[in-house]
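Okay, so here's just one chain, in structure tokens, the form predicted on its own.
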């Protein structure tokens, strides 16, 4: 009888969020999976030190994205996950923040489903929650905001064509991801659609890390002040009267001289 050669069993892909930057905010489940993985496919914005949790023999594949500079196009990345799993590997797809909050986790999982690849999703602390907490800006507050909205400052087609009337509302905190490059337009649109120019806003750069910087102002002056301070990505924009609480509630003080 001729010997049969069966394919290796299909591996599982774990879509893992590494949190907003502080390694201590990594979940226990994420840490365990990273330590067990055969292959780790990781982004640019992952927690510092997280790869040190991996096995020494684990394959580490960088697929990071910086603004429009994509190391690996999204479709190629999706197929990479499929190939690794079909080779019988346990794969961790490691992302910053949470995979389902502007992390393209849904797009990658669609390909896994279509290809018959088993997967699991491991949520992480999203940047809005982590950066707001470490900067002393509560996302909700009974006296200031009864709702919070997350928005992207950079759409797939490169525009910032958002539902501005829905975002420019009182008693609402809006957090813009990936929006520093379009900050002037974001502030202009928020004012044009009903918020006063004096409405509080903040930018948090490198939130939850030793390099964190927080700048608070109003919508009218924030773009100019951010430019003068030399603040760039990665950063979040927070718009809402909750920003007025930042000076009182700030508790995290990065070491002086830690840089940007």
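Numbering follows the first chain given and starts at 1. Everything numeric in this text was worked out from a predicted model, so none of it was measured.
The next section is about a form of this same protein that is not shown, the form predicted together with a small molecule.
*Asks:* Of the listed stretches (141 to 149, 186 to 194, 161 to 169, 91 to 99), which one has a non-hydrogen atom within 4.5 Å of the small molecule in the model of the complex?
*Replies:* Result for this chain: 91 to 99.
*Asks:* Although the partner isn't part of this model, could you tell me whether residue 131 comes within 4.5 Å of the small molecule in the model of the complex, counting any heavy atom of the residue?
*Replies:* Judged by the heavy-atom cut-off of 4.5 Å, residue 131 is in contact with the small molecule in the model of the complex.
*Asks:* For residue 45, is any heavy atom within 4.5 Å of the small molecule in the model of the complex, or not?
*Replies:* It does: once the small molecule is placed as it appears in the model of the complex, residue 45 has a heavy atom within 4.5 Å of it.
*Asks:* Give a yes or no for residue 205: in the model of the complex, does one of its heavy atoms lie within 4.5 Å of a heavy atom belonging to the small molecule?
*Replies:* Looking in the model of the complex, residue contacts with the small molecule include residue 205, since a heavy atom lies within 4.5 Å.
*Asks:* State yes or no: in the model of the complex, is some non-hydrogen atom of residue 235 no more than 4.5 angstroms from a non-hydrogen atom of the small molecule?
*Replies:* Residue 235 belongs to the contact set for the small molecule.
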